[in-house]
Each structure stands twice: as C-alpha cells, then as structure tokens.
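Here's a solo chain for you in structure tokens, the form predicted alone.
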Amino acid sequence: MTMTMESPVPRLALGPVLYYWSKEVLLDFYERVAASPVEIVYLGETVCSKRRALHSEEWLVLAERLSSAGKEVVLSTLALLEAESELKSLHRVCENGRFSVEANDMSAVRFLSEQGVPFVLGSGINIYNHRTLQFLAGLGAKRWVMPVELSAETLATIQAERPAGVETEVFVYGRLPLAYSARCFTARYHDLPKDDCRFRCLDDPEGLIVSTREGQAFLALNGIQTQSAQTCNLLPELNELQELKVDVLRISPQAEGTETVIESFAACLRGECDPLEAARAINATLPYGACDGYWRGQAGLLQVAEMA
C-alpha cells in the first residue's frame, strides 16, 4: 500500500485505558507502549473516580517516563463528574503545568479556557458541526476527537470548515465508548450498591458482554460506561482517513493484542502492508467481530467494509 503524497501521514495515538486494570498490569502495559510506534499517549482515568490503581502523582511520573521515551503525553479527565472531590481532582489535572489535557466534559473545557491553556476535546464532547468546533476553538481547543457515532460524510463537512490550527483525531480501533450513566452497571449486575462495588470491574478487564435474546453480542458494560461489544476497526479506511486530512488516529487499549494493532497500523502508514490484509488478520482475533457502521452512516454494530 502506498500512501498518497497530497496529505501528510497521520500520527498514531493511544487513547486512555477505559477499563480497570491493576497497577502492575498498567505499568507493564505502558512499559511496552514506550517502545511502540505510537507518537501520542493519553493517560488517566476517564470512566470512574473509584478506580485508583494509580494516584495523581504516579500518573505524572508515568507521563514523564513516556515523555522521555519521545511520546507526546496528554492527561485525560473524567467524562462524568458527580462529586466535589472529582472536581478538585479535575483542577489538579488541569493545573499540572507540564502536559496537555484532554477535556472530556464541559467543566474541564471551562476551567482550561479560563486558565488560557490550549487543550484537546475528547470524544465525549458533542461536536456535530463546524460551528460548535469553531466556538470551542475560540476557547482554546487545539485538537478535537470526533464523536464515534459520526460518519465519514459528516466529518468531511466539518473538515471543510475546520478552524485553522485545530487538529482532527478519529477513533479508529477499539470498543466504542457509547454512553455514561450515574448508575454503575457492573455493581448492579453483581447485586452491589455503587458506593460499595468492591471494585468488581477488576474482574472484567474488557467489561461485561450483554447479548440480545437471540444470542447476539450487543453491548459491553464497563462500570458506568456503555461500550459496543464489537470492536471498531477502521484500518481498511486508511486511505480515506488520509484524504479527509485526519491528523491523528486513536487506538483504544484492549486487554489483549493492543501492541499488534499498533504495529499493524504503523506498518500500513509506512506503506509496508496492505490495510485490508492487516485488518483481516486483526478481525480474525476479535471475539465478537469488527464494526464500522457509524463510519458509513449506518447502524454502529454493522461491518460494512467488504473484507473478502
């Protein structure tokens, strides 16, 4: 596969870990990430404030380590804040003074804007048209992550009016983050109250699968977050992503195979591998299959790209 010369090659980013992994698993994972070809690494807890495998200072130490390995590090904030303590934690992240911040809710946007600090808009910020993006760029946004439910057609429309100096990032691999709730689905499944969940998310490193009555895997429950059961894989759309002038491709960490996925995307971006062939190899390992329906303006769980 040969990348076209009209558009620059997108950079690879690794999104924040969306699951509850132990400290040992996290540190081992990021040790391998340091040697991987991703250029941008997002760090921090975005789903539940009770997940404290690493504390604030430990995240910063890890960020320094990855920065020393040549990575651009971005600290990610919670997507749903429910307590004063969570707001204080948000302020600490935003005031770190060293690393960029990914704002995953509007309270983070407001605080960073008031501080005059450029920031990244996470996929939880609802940006559905260029006017919203222009408004947020005026507040200091330097990069936006396209909401996962938007299509390539919608992205093309937004890109045509994208503000100068703002980068576009697209979620290209991983279980899609679909929604957040004040209730904890995992605790409820185990018949536990949310405030005494006993950290049962640790038992499910990729969430709990929900199936339809017909037995089709439908959703994954990850604490207060709802994800797709299928794994989004836009590797076959690599040329289109480049033609749309997407600056950054986000890979979301999974419990197994993340390094292989990173290497596959990197090889395709270097022109050393055919995206369709690489995607077929990845999809063959996915327990509930791949999906790209949202990208094509269809139901999100569908696999639309012809993989034969």
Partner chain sequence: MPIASAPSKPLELVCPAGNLPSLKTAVDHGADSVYIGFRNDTNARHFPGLNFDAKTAAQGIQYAHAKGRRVFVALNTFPQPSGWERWQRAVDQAADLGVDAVIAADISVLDYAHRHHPELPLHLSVQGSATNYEAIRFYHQHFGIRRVVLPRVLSLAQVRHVLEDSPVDLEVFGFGGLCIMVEGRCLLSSYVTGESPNMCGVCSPAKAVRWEETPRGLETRLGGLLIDRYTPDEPAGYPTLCKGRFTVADQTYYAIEEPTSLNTLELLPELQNMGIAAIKIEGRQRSPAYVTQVTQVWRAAIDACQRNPAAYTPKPEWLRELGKVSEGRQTTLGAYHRNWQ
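Numbering follows the first chain given and starts at 1. Note that the coordinates shown come from a computational prediction; the quantities given were computed from them, not determined experimentally.
Note that the form predicted in complex with the partner chain isn't included here; everything after this is about it.
**Q** Ser228: heavy atom within 4.5 Å of the partner chain in the predicted complex?
**A** Ser228: contacts the partner chain in the predicted complex.
**Q** If we define contact as a non-hydrogen atom of the residue within 4.5 angstroms of the partner, is Tyr180 a contact of the partner chain in the predicted complex?
**A** Tyr180 belongs to the contact set for the partner chain.
**Q** Does at least one non-hydrogen atom of Arg131 fall within 4.5 angstroms of the partner chain in the predicted complex?
**A** Output for Arg131 is yes: heavy atoms within 4.5 Å of the partner chain.
**Q** Is there a non-hydrogen atom of Asp203 within 4.5 angstroms of a non-hydrogen atom of the partner chain in the predicted complex?
**A** So Asp203 does not count as contacting the partner chain.
**Q** Of these, 67-75, 93-101, 185-193, 162-170, which stretch puts a heavy atom within 4.5 angstroms of the partner chain in the predicted complex?
**A** In the other structure, the partner sits against 185-193.
**Q** Of the residues Ala152, Leu238, Val145, Leu136, which one places a heavy atom within 4.5 Å of the partner chain in the predicted complex?
**A** When the partner chain is considered in the predicted complex, the option within 4.5 Å is Leu136.
**Q** Among Ser56, Val61 and Cys197, does every residue place a heavy atom within 4.5 Å of the partner chain in the predicted complex?
**A** Checked in the predicted complex: no contact with the partner chain for any of the three.
**Q** What residues, if any, in 106-126 have a non-hydrogen atom within 4.5 angstroms of the partner chain in the predicted complex?
**A** Residues within 4.5 Å: Met106, Ser107, Val109, Arg110, Phe111, Glu114, Gly124, Asn126.
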